[in-house]
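This document starts with one chain, in the form predicted alone, laid out as structure tokens.
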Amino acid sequence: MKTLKEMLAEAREVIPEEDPAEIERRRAAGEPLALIDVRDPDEYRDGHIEDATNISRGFLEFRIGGAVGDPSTPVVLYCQSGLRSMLASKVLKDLGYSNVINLKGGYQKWVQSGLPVVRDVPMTPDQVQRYSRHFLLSQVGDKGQRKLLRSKVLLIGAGGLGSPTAFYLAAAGVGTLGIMDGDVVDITNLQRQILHTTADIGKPKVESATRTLKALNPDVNIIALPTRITVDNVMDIIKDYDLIVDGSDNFETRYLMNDACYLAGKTNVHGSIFQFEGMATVFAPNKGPCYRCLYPTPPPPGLVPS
């Protein structure tokens, strides 16, 4: 019978290892890595790498097919220290998975490297009921809903575009919504801007937006930003958000948000509308063109009506 030391030595001969920094670089670049956490469920709940699928070592052979259908997919396995996952990687290799990688040092080294981790917080009974329809969707499910609750989205503008966007993001359970708008509510806003009511006329839009969204979903943390985005504050404001939604109504802000998101590596969801025509575009840095790529220079002042 082989000793543990002999089995590990045998596995290391055929299984490559990569440092946490290299795995994170590949993930950030959008490489199609399947990340498998082979620790026990209680270890996984205490903290894990985002998007990792938990398959305990003892169930790996039985469940890996459901998580990774194509044996040629690059698979990264990790445990607490890297030893269990090294042995598990050898098992996958023997099963025909051709591109198996072990995370060197495991989850412990990942944490020590200062890379982001996720800790699951149990949902309340009210949350389970509120998001029950999401749990039925394979594209969302329990894992996706937890990710939504951890997400942070910044909305530029609480007007005709920002109002329905914020309303539905709050309803879906996006955990933190930053609402940035320096305007007050005008009676002419009310036929389309659903975050505000007649009683809000003359009051800051971020106040009525906060009240409406908290009434819809108390789970959501609303960060009210009653100011305008400028070249002086934009980088500091967007740094803590996962996604930016630009619903601004002027070209100066659109170009500013485009440039800032590109420099910060933030995905910018841009929308604009005029009467019965509109457009929505997702600008993801280094994954396609940006707003300035499509429209190198803004139109002359006054040419395009607001």
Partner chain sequence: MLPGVIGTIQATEAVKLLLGIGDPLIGRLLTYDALGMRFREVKLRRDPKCPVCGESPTIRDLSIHRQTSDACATTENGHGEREGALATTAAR
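Since the structure is predicted, the reported quantities are computational estimates derived from the model, not experimental observations. Residue numbers count along the first chain shown, from 1.
Same protein, other form: the form predicted together with the partner chain, not shown, and the subject of what follows.
Engineer: What stretch, of 209-217, 113-121, 84-92, 134-142, brings heavy atoms to within 4.5 Å of the partner chain in the predicted bound form?
Structural biologist: Comparing against the partner chain in the predicted bound form, the contact stretch is 134-142.
Engineer: Look at the candidate spot formed by K147, V153 and C293 and say whether the partner chain comes within 4.5 Å of a heavy atom in all three of them in the predicted bound form.
Structural biologist: Yes.
Engineer: Examine V282 and determine whether its closest non-hydrogen atom to the partner chain in the predicted bound form is within 4.5 angstroms.
Structural biologist: V282: yes, in contact with the partner chain in the predicted bound form.
Engineer: Just to confirm, G160 within 4.5 Å of the partner chain in the predicted bound form by heavy atoms?
Structural biologist: G160: contacts the partner chain in the predicted bound form.
Engineer: Counting only non-hydrogen atoms and a 4.5 angstroms cut-off, does L243 reach the partner chain in the predicted bound form?
Structural biologist: L243 belongs to the contact set for the partner chain.
Engineer: Can V75 be called a contact residue for the partner chain in the predicted bound form at 4.5 Å between heavy atoms?
Structural biologist: Output for V75 is no: heavy atoms all beyond 4.5 Å of the partner chain.
Engineer: Counting any non-hydrogen atom inside 4.5 Å, which residue from L169, C79, I179, V100 sits next to the partner chain in the predicted bound form?
Structural biologist: That would be L169.
Engineer: Counting only heavy atoms, which residues in 262-286 are within 4.5 Å of the partner chain in the predicted bound form?
Structural biologist: If the 4.5 Å heavy-atom criterion is applied to the partner chain in the predicted bound form, 262-286 yields Y262, L263, T267, V269, H270, G271, S272, I273, F274, Q275, F276, E277, G278, M279, A280, T281, V282, A284, N286.
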